[in-house]
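Just the one chain here, laid out as structure tokens, in the form predicted alone.
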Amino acid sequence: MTGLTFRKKAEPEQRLDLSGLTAGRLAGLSASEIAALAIGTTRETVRVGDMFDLSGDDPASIRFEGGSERFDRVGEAMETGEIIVDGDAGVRLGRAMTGGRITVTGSVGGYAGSVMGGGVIDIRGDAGERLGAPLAGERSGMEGGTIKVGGKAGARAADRMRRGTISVAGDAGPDAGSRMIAGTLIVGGRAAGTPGRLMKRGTLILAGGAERFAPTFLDNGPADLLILKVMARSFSAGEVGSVPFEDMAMRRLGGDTAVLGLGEIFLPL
């Protein structure tokens, strides 16, 4: 068996819902049955076969040759397998996934990894707003797994994050780590706005510093903590890889005291 490949025929004229193209949902389907699946999001009917040339037969390994910012919900709720997108992807990439791996060579839209519970998302480009965050009305965001971003992230990355790790190599938009409940967010670049606003617990490691902080954070001074060294070694040996704060002299802020106040932010001295 060879991996199942979806080769883009042309740029779609409407946003596409690709949440049905995962290992669990395609198992047992023939090529003709997959081609007949509806993926359109407007009144105009669009099916898989209209947008993609199919090859291969193993849905446990899926590849999209040619991405698009209109490819929404790639890998949503996936439980196992691997998805590779050669190019960009749209919103809600990997939302609610519990296992498996998604790799995107380009950039993605908002809500990537929203409420994910497990698995790995590797975004080589930039991520849109609310990375790992919940949709409106949901009580918590990311609940497990790992998200790695090679570029920058939009506003409110890790909003309401409960578990897991998010690593952003570049800058982060305003209010990263807002309302965090637990988990770890690492930002290699500079964090805009007021990172950590209303966080109850959790850890923000801001290797490039931050624009400003809410006045309800307390400066605890230099932080020569063994746990930072242990974390750096653990991340380097795992999915996150090398981290920008390894061997970096840092100071610690505690907060947000406007709420529970048990969170922590580490930034360069």
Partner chain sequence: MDIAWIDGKPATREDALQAAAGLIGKSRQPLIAGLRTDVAGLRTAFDLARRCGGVVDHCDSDAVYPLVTALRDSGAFLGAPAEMRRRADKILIVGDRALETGGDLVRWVVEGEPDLGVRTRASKRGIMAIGSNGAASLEGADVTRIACEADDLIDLLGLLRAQLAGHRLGKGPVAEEELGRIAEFLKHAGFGCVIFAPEELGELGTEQLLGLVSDLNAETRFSTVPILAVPDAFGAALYATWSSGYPLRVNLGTEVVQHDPALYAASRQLVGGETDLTIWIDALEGEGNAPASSATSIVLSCEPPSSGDAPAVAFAVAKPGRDHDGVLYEPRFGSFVPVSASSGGEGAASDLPTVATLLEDLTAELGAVAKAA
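It should be emphasised that the depicted structure is a prediction, and the values quoted were computed from it without experimental measurement. Positions refer to the first chain, counted from 1.
This next part talks about the form predicted in complex with its partner chain, which is not shown.
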- prompt: So, I121, D171 and R190: all three within 4.5 Å of its partner chain in the model of the complex by heavy atoms, or not?
  reply: no
query: Does its partner chain get within 4.5 angstroms of any non-hydrogen atom of S178 in the model of the complex?
result: yes
- prompt: Quick one: is E13 in contact with its partner chain in the model of the complex, heavy atoms, 4.5 Å cut-off?
  reply: yes
message: When the contact criterion is heavy atoms within 4.5 Å, does E82 count as touching its partner chain in the model of the complex?
response: no
query: Could you tell me if A31 has a non-hydrogen atom within 4.5 Å of its partner chain in the model of the complex?
result: no
- prompt: Considering K152, R101, K148, R92, which brings a non-hydrogen atom within 4.5 Å of its partner chain in the model of the complex?
  reply: R92
- line: Near its partner chain in the model of the complex, with a heavy atom at 4.5 Å or closer, the residues from 238-269 are T257, A258, V259, L260
